[in-house]
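So here's one chain in two forms, each on its own in structure tokens, numbered structure 1 and structure 2.
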Structure 1
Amino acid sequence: MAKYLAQIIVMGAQVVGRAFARALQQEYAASQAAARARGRSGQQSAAASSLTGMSLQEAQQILNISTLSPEEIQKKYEHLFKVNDKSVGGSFYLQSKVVRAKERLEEELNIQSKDPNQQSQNTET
């Protein structure tokens, strides 16, 4: 009985693994195709969105920023982090999104600073 159970688990893991690998492959191919149009930093940006599970666009929406300036990011972040703190009755989940948004935007600034030719682009999905 246990032997069959083990076989089922292993088969299940293989199915999951294969589907996961296929999804990764498709995702990579799609991002490669998109990145080819946008250049290296676009590729890194898409990768960052994929890795963090947060798109650049959503990060900007969460912190309500229009221009990717470190000052604006920090100012908006500090306010939103403070008002969503548990000690004042805020939601930890919302505060988490604020934190992740700041991290995503800082990653974007990091990517852009490494590419001297890159203009600031807000077209990523």
Structure 2
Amino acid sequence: MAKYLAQIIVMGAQVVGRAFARALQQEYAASQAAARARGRSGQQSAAASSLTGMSLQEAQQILNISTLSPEEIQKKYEHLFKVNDKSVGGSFYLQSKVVRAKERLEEELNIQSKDPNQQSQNTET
């Protein structure tokens, strides 16, 4: 009886392992295809995301920005930075997230200014 139970457990683990490996391969292929579709600007944007530790979408959500304009970024940054100041009962953690979001969005603006063909694609998403 124990022998059969052990065989069932091993076979179940193999099935789950194969399914996980297949899903991982599919995800990797999809991410590679998306990276190729984004092209050079996408690689720079991905590099900026890895350096700042924040994706473009996350930065836009933090500062509540739909389009990338320097004036809007600065306005939202100043407001959220003041609101989250520790001296007025704010959170240092949230304040640091606001700073990182501003840095990430400014980096994206720099990338877009270098490659104006990609600018319209990135601001629409």
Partner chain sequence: QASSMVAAGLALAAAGFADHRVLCNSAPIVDLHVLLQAFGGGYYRGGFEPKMTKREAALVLGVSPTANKMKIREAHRKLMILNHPDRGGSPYLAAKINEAKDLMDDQVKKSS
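The first residue in the sequence of structure 1 is number 1, and each one after it adds one. Model, not experiment: these values are computed from the prediction. Think of the rigid core as the biggest set of C-alphas that the two forms share within 1.5 Å after superposition.
One of the two isolated chains is the form predicted together with the partner chain, namely structure 1. Comparing the forms between structures 1 and 2 on their rigid core, the Cα displacement of Met11 reaches 2 Å or more.
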